[in-house]
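Below: one protein chain in two forms, given as structure tokens, structure 1 then structure 2.
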Structure 1
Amino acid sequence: MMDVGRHPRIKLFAYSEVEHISGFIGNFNVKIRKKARYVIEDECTACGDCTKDCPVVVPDEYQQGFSSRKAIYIPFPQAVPSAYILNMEECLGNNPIACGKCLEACEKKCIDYDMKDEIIEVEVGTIIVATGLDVYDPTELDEFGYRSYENVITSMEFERLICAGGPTAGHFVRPTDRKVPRTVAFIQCVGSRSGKRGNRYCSNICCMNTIKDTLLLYDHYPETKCKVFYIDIRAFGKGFEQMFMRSKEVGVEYIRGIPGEVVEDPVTRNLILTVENTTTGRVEQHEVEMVVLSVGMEQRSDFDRLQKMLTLSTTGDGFVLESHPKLKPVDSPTRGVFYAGCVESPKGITESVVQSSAAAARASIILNAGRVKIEALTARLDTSLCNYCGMCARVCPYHAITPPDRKLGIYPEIIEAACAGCGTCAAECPNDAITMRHFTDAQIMAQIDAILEEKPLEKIVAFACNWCSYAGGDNAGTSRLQYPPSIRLIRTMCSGRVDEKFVLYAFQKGAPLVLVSGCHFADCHYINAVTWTQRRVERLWNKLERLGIRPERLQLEWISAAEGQKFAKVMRELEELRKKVTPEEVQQTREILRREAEKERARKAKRVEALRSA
């Protein structure tokens, strides 16, 4: 931290918040709110004279509320910059000055009650998101008595109590009598691995953290006995299993089972844990002097603001989604934005350092090169066809299109460096003003033509996205799974590219059945483009019904790259549906759509005419 603060090429914005981010890789503009700290940072020598006289006493959040601080304080001893902060919400008042003691006490006169928040703008080429985590709050789990009993603490609180810089100067004492406990129980997976309360995922570090804590305790207090209640111990890192063994050797008792109840003996203030020991199959009771709840990790509760600013996607558990879990594990789907640490998933220090180094390296490659290479799959705009509707800018998951302004005659602009090539804009543009490089309308229509050239009644036209459903087909193939040969795949980068007109064209050309397939929502490789696919298919179902065509003939499926089995199963099901479509039905559809196409052509000609003359 100190090194970062002193580094000539690192500018640290402490006590600040990101307000707004715009731009794209190489050209991000970030607005930062530097909050007023009411102490002139560069002048303050952290002598602490001010804090001595401050009459306001509040719980110290850094010490988990085990000790107190004043309204003017330094958050923690190693804080960078090493300067005091005045919390104006806790201060007795600055307008008018109600107390002014700190101002009097500060010899250097670095206290400024009139200081205001500052908005700072910075231009950066890349962004690394390393926002950290929140710790699970166990108050909802009544059975562990965290709210009722003082001697039940969390693993975070344990850290403060055992730390030499903590409120007890490293003397581990139990809160009720300030005595070193002779028995301590650790309860694992609090808030983790639960389908009902807390989170479903494993928080990754809690097992090892507890093992470390027990060893620390034995080191400091050899006579203290530790019991660990667990589901299973996950000690899979380098040297971790040895550490686990060592804790067993020094006498830590491991009991497989999570207590269903913790109650306090009102006289001794000891805690009695009732647990089903799943190794012996017996219900047991254990009396201990203190309980430590090994709490899990969560995404920060205020993360959604930043998520929106950077158009980041998250998985169901709230952690950010990587551009590719194996090949681009520190890249976000938005170019030039990288991840480090627990924002991506719960992880320990080593893994966080590895990931941060990787993110820094990825970012510096771009900065050093000064230019980026992108795949030639981006969108291109023909302004002569654009009527400023702004649909493209609305649907782009990457904010890669600047919104048009009809009044000022400003067309949308596609920022190619930010465009990921999903094709959603091209599919949604009502005027066909956007062309996708290498996935043009003409190219896709030509594939439909080729598929349906011969025996169209025996074919199913299936649109498959590059990353998931097409790869799911590959998976089915390499696993030698059988599926009917009637399926003909057309690959698009994203299902968001599948234009309404492709589907209608396939029906018009005699396709009995059409499938649109893409990634599951949580796996979408283009942030949320898949939601536009869903909307479009729903629109199409309504349209087909209105035209007198059975909506069942347009099918939708989300298939991941790993779901070869599902791919084959879906294709078999579709084949059954195809067999039920009669030649008469197909003929009737073609007739309906031919008439529709004629009408549409006339409408379009009028539109183009109007646009051109405008």
Structure 2
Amino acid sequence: MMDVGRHPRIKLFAYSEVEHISGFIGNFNVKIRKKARYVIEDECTACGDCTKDCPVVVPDEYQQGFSSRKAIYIPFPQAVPSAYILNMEECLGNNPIACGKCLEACEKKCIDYDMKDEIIEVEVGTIIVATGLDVYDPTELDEFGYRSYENVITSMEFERLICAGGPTAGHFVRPTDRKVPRTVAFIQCVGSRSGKRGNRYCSNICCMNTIKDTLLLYDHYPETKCKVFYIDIRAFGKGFEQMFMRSKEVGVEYIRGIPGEVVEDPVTRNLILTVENTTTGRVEQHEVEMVVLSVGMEQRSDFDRLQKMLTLSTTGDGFVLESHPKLKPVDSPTRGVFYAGCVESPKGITESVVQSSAAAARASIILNAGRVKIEALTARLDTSLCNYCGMCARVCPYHAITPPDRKLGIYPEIIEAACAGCGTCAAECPNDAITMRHFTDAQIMAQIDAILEEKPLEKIVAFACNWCSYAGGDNAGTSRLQYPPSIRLIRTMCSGRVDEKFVLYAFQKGAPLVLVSGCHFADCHYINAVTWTQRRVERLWNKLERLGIRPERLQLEWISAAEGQKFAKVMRELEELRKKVTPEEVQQTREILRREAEKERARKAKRVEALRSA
């Protein structure tokens, strides 16, 4: 951080937060709230005189509460800038001034009780999201006794206790008696790999972090005995297995099983762990002097605000979804926005550094190019058909369409640099005023015509999104999974592009069955476009039922690119459904839709005529 603060081409906004982000790739506008420090940072020399006279004492967050700080303090050693911060929520008051001792002690008089937050606007070309992470709070796991027993600590608290810059100057001691513990137990996967409490995913670094901690203890206190209670040891990185073996060699005991209960001995303050050793098949009790809970990682609790500002996709575990897991691992679905570090998934320092370098390289490519090339998949608006409804702006996942204003006669404007070409706007536009390049209505209709030109009763029309379900079909093919040849795929960039009229047109042309398939909700490459697919298909089911057409003939499936087996299974199930559709039912459907189409054409002609005359 000190190197960043000294760099002539890096502007560092410390003690600040992002308020609002607007714009698109190459033209982002970022509003930053620089919080009031109540200390003039350019004049503060960090002499520390102010802290000596401050009467307020509170727990130090940086030291995990093991030591205290004053209301005016430096957040952590080597903080940039090297200036104090006055926490006004902890200060005794400045209106009126109830204390003022820090100002009296400050020789340079650089404390300003009237300082206000400052809003700063910056124009940037690209954004790298590197928000870090939170650690799991194990309080809810009351069987481990965290916050009930002083000698039960988390792995983060362990790091502060054994650190030379920590509250005990690197002397690892028990909180109760300040003595070096002779036995220490480490409990793994606290808050990770749990379906009921905590998180389902593996937090990646916990196993190796514990192995490192056991070796640290051995180096400092060779007589201290360590026991590690685990589900699985995941030592998968370079040199990690050797480190694991070295830990065993120095005497660390690994017990396969997670304790079901931790109880404190009221006399000795030792902790008794009851655990089923799954290796021996026996229930055992272990008495230790200290317990360290290896807590997992979580997405930051305040990440929702940033997610909405940048319209980022997230997976089911709360971490952000990359544009492509293999080909674009640091790109977000929003162009010009990149990821670095644990915002994307739990990872260690090495992986974070690699990803940060990749994100910086990706951003520099755009900045050095000067111009941005876009794919010819963007939307176009025919203003002669637009009626200012604003539906396109509401459904756009990227906010690439500005809302219209009927009173001022302002039509929606499509920002092509921000448009990703999902086609949701075109599918939802009630007047067909939006056209998608290379995925026009005419092109998709022509594909339906070609599919159903011969023997339509033997064909199933399937709309597949480019990134997931269509790729799932490729996966099934390369895996040599068998599925019926009756399936005819029509590729769209997103399932959100599948217009209601495409489905009805396929039925009108004699299709016995129609499938709409796309990404899972957590995997949508167009942020939330898949939710509009769901709504549209539900509307279609209601309409088909109202018209007397079996809704079961329209199927909706979510298939990811990796689910080749599911793709083949779904197609086999659809083939069985197709066989149950009779020629008479298809003919009746065609007649019903023919009459509906005539009515709709008449209504549409009137609307278009009214718009053009207006």
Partner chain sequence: MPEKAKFKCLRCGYLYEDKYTPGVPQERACPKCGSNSVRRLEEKSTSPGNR
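These numbers come from a predicted model, not from an experiment. Residue numbering: sequential along structure 1, first residue numbered 1. The term rigid core refers to the maximal set of C-alpha atoms that superpose within 1.5 Å between the two forms.
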The form predicted in complex with the partner chain is shown as structure 1
Does Glu454 show a Cα shift reaching 2 Å between structures 1 and 2 after rigid-core superposition?
yes
Align both forms on the core first, then report whether Ile127 has a C-alpha shift of 2 Å or more between structures 1 and 2.
no
Give me the angle, in whole degrees, that the smaller rigid part turns through against the larger one between structures 1 and 2.
6
Keeping the rigid core superposed, can you check how far the CA atom of Arg594 moves between structures 1 and 2, in angstrom?
2.4
